[in-house]
Structure formats: C-alpha cells, structure tokens
Ligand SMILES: Nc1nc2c(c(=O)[nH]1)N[C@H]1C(S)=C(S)[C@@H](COP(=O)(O)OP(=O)(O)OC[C@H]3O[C@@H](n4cnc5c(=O)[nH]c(N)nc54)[C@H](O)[C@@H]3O)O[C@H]1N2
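In the form predicted alone, a lone chain appears below as structure tokens.
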Amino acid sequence: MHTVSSICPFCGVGCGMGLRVDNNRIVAVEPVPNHPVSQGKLCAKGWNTAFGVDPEQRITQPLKRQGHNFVPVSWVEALDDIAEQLRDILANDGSQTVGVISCARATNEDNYALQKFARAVLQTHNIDHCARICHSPSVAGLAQTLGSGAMTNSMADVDHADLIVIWGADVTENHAILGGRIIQAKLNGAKLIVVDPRSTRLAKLADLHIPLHLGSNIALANGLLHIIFREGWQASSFLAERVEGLDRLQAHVTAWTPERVQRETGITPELLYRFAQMYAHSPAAMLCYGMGITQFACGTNNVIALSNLVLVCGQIGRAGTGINPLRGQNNVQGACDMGCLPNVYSGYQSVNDEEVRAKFAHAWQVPQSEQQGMTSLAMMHAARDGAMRAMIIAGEDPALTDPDQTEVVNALKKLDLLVVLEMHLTATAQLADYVLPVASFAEKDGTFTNCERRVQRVRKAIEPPNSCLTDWQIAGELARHLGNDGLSWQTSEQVFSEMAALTPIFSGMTYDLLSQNQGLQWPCHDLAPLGTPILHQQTFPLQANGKARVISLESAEPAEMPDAEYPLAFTTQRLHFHYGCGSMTRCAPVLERETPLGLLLMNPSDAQQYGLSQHAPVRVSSRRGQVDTRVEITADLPVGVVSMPYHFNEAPCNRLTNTAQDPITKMPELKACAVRVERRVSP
C-alpha cells in the first residue's frame, strides 16, 4: 500500500488529498496536513471519494447505441464512426452546426484540449461548459468593473479579515472546509454578516443576518451605498486615485432611500444602517458570494452591484478584503481559464481580437473563425430548432442540471450525433449515440485550478480500468481520425506547456514549480514568478490608466413572480452530502444514507396551510413541468418560499426552473420561479 498526493475532485475549495492505493485500487483517502487551503481537513464528500471512482460502478469501454440499447464496441470502431459522421456534417452543413461542452470536473489539460479540438479541428467557437449556469456573470461583471473575473484574494485571507460578508452562498453546505475556516475566524473575533433569504448555518451564527426578499440584491446594495455616501463613509482617497464613475453612482443612489429599500427587500432601515456601518468602517472586510447572486436574469448586474460596494469602501487589494466568487466545482475556474467559453481563448484572450486569433492560428496552423460561438444554452436551442446537428459533451449532465429539463432532453434527442464522454451512465449519457469511457481524476496526471486561482497538481495514482482514456487523449485520437495531428501530445505536461506558452497569465508555470510550491495562483509570469495571492494591489487591468469602474444600476424583479396560479416562490440549493448530478456521491453508501431521496424544503407555516406533514408526498408544478417528491419541513426557509436540491434524477428540480436569461451572459434564472404544491396520494 502507498499514498499518492492529489486534489479533491468535488467543490472549488481545492483541498489536498492523499489517495491510498492497494493493488491498483483506491482503498481510502487521507487529508494533507500542511496543505495551504485545507490544512489537514476533508469534508464528508472528500472522505468518500473512493466510491465515486470505483471501476465496478463505471463505464469502462465505448458504447454505441443500437435502438434503445447500448452495445460495447472497440475504440477504433467508435472513433471511425464518430469521425465519419462529423466529417459529413461539417462538409454539408458547416462548422456552426457542431459544438462541444467541456467539463468543470476535468483537468485543465482536458479542457484546453477540448477547446482546441473545437477551434482547431471543428473550426468553431461553439465551446462552453457549466460555468454558463453558475459563474459566467462573475466573469462578465467583474471584467467590466475590475478587469478580471476571478476571486481577488486567497481563502487564507479569511484569517486576516475583521469582517466577513457571505452573500448568496451556503458555505458550510457547499464549501465545507472554507465554511469551517469562517466559523473559526468568527470564534477568533471576526465579525460575520450573512445575506440570504434562508437561515443557513452561518446565518444562525452571524452578527447580522440580512434575510432579503428573493432576487432583491441590487436594491440592497444600492441602499447600502445610499447610506455610505450620505454619512460620508466612502474611501475618498482610494476612490480619487483608483476608481472612475463615482459622481454618477453617487447621484444615482440618492433615490435609494432606506424606506424604498425596505419596500423592495424587506430589510428594515435599522438593519440596513448597521450593515453599511460595519462594512464601511471595517479595517479589512472580505466579501464572498455564490450562486444566490449569479443565477438570476440580472446576474451580471448583481455582481456589478457587489463590486460597486467593495470599491466605494476601498475593501480591495489588501489582505483580508476583496470580492470573492466561490466556485462550485473543482475545476470550473480552470475550465474558464482554459478558454472553454465561446468568446475567449485560454487566459481570457478575446476571440474578437484579430491579433489574438492570428496568434492561435499561427500556433495551431489552422485558420480561426471570426464568428463568435454559441453558449451551451444557445446550442440547446439550436439543436431544438434543427440548426445544431452534432454535439460532444464531456462530463457534464445538462439533461439533469440545465433549466427546463424537458426542453433540454427534447433538444438532445433531435441531434443527428450526440457523443458523451463519461464515467457513469448519466441522464445525458443515456441519450447519446456514443458513450466514450474516461479516466477519473485518480487515473491521470494534470492540474485543477481552485476558486482562489491556485493551479495544483493532480497525480495519477492507479491505472484506468479497461480501456478508459483521458479527455485530452480522446480529443487527440478523434482529431487524428479527422486528419489533424495537432493534438498529438504524449503527456499531460506537454498539454500544459503548450497552454502556458500561449497564455500570458500562466507563462511562468511549470509542473515542477507547481509541485514545489503546492500550487501557484495566476497571474504567474516574469513579474510574478511565484504567482499572485492578492489581485489589484496597485492597479486594475481594466483600462490603460489602471483604474476600476463603478456602474449605476437599477433593480429588477425575477422574471417570474408568484401569482394566484403559482403562489409560491421557488429556488434551488445544494446539500452537504451530495454534489452536482450525484453521479459520484450517490455511489457512496455513507453519503446516500444521509440524503437518499429528493425533497422539497418548506416553511412550517406553508406546510400547515397546505395540510402537509413531514415527508408527505407532494407534486410541485411550474409553467414548464412537474416533479413528484416529499416535503422536508424546516424553519430555515421564509414563508412563501420553497426550495429543492438538484442532485436527484428521480426528483429533477430543473424540470421546473425558468429559462429566462441574463442578457449579457445568457445565465438562466435558476434561483427564482413560481410554483404550486399539491398533496400527492402515495403510490
């Protein structure tokens, strides 16, 4: 038995993990004592990692659809067939009729290879991934105000903050090790403010809980700024030196009186004043937020509103401060960084920039399309309408996790060719024409990037079962079958080295340096050879003068509000013991025992009104579909709001959610719609 050092494959915290190996099998895991992020800890999901990669519960050979069933085929047959169909589609209908969805759980090397395959082999920018439905507004919003769409500080800064603000995130459920660190910081004297309609675990411990109405984030932020400007609490020197747009913003928020804010948010003027006073006067205030900010039709503006608050108070560029999006998946930050988005190459180099396109065309020896690609949801709509003929989906499960599940499934069924790269037969894989088996994180070398921009080594601990390959190997083999040898890497390190050579913010990174330093935080280059733990200390990369920007915003209600037909507000959430679509965590008996079935969380008053007892069977209906599940009665939700987790394919809450989209990022409004609940007779 021996132990191989790696990184946890679940949330974006990026905890260090030792994989115990016996006879080419992961038999246990252990925490890494001196890891800079996790400090010798793992959460329940991390401790149960071995079950999710167990080969007995995996797809281990290529599968081809025959009628309603799958039959095993060889790699040669699968790749030949897929290449032949792609070649025919490209010849007859063009590159805009094909698309790729990459994987926020795969390595940086896998994701770089998949976006290169889309752009250099298929010659399309139709490449996207699940950041579209989690933190694409963070990338877009922070890029508009700061010039960089990532976490500005490090998770260790929690230890240096005098005040921690958690806005629209349930950290102890979703990022448990960071949540524990926040609790420890509070025990050590830090103040804590939680902004959330729900009474989360951290909200119950907080100095202030701000239970705003669902979707009223901009109104709350504007109200805080109104008080801060009125009282003269803004960081005047910082603003004069480093921020533009202040006069317009100050004039705009004069109309956002505490009384108006109370009408829109439900927060009293007294509570609003205390929040503003604590944040503006804190020597170091660290603001963290989650999908309770981004998953709205105004998600990008929600992010900008928080950025306005941070900039006006000068809470950025120092230890213990900043604006910090908490990423939900282990490598969703990395998938964005690698260019798995339709508008940017790796390192956020714009596809609209002619010089950037020329640079990649020269490096890859393939002309680059001038036509910007489609988002993942746009690809689904194109498939529904017959304009998208083929898709390759790597490790994502949009049939379960995307909004309006019925529409997504119908769109995928209309494709002429659907190829899914997967470890398990997920809901999406069950719709595929070909399922290609992939290696797990424990069976390959590579890197993950956590939410604080720390790029960390993932090391191969065991051989993959049967004929499973890495995503980058599959992309390379399929490219070769299509007549392109430009993806013929022999090792993951070669993939990473090519990426770093083309990507300025990664240009100083090598595998050796990552190993020596327990990861490095981008940007890492000649001016920052050991990475950058804190962004924007002296300047902002937004514009030539190095200044950031504040932007005036109006509030907006969710696209669908409760009414007589659908009287309850509906939102979504995650649970501590499960992750994503559940394909890995539901393989673990301990985790499945804790929460074995889907559920609808409901306030006791609402349950009483509907005559429902604990675990009563119910039907939840929206304008898009209905789901049968059971009730979990909890006072953690406000009256009039119900919630469901999205981990359970037998109770798929995204059958209900709204496809109304943020106009900038096309983020669907997963966090708010209207539903009705009816008692169901048990089967």
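Note that the coordinates shown come from a computational prediction; the quantities given were computed from them, not determined experimentally. A residue's number is simply how far along the shown sequence it sits, counting from 1.
Below, we turn to the form predicted in complex with this ligand, even though it does not appear here.
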### Task
Would you check, heavy atoms only and a 4.5 Å threshold, whether M291 touches this ligand in the model of the complex?
yes
### Message
So, C653 and this ligand: in the model of the complex, are they within 4.5 Å at any heavy atom pair?
### Response
yes
### Query
Just to confirm, E422 within 4.5 Å of this ligand in the model of the complex by heavy atoms?
yes
### Message
Is it the case that M499, even though its partner is missing from this view, gets within 4.5 Å of this ligand in the model of the complex, heavy atoms only?
### Response
no
### Query
Even though this ligand is not shown here, does it sit in the model of the complex so that V165, V261 and L553 each have a heavy atom within 4.5 Å?
no
### Query
Among T375, Q405, T595, Q573, which has at least one heavy atom within 4.5 Å of this ligand in the model of the complex?
Q573
### Task
Counting non-hydrogen atoms within 4.5 angstroms of this ligand in the model of the complex, say which of E109, E452, D337, D170 makes the cut.
D170
### Summary
TL;DR on 216-224, 345-353, 606-614, 81-89: the one with heavy atoms within 4.5 Å of this ligand in the model of the complex is 216-224
### Message
Could you pull out the residues of 664-678 that have any heavy atom within 4.5 Å of this ligand in the model of the complex?
### Response
L670, K671
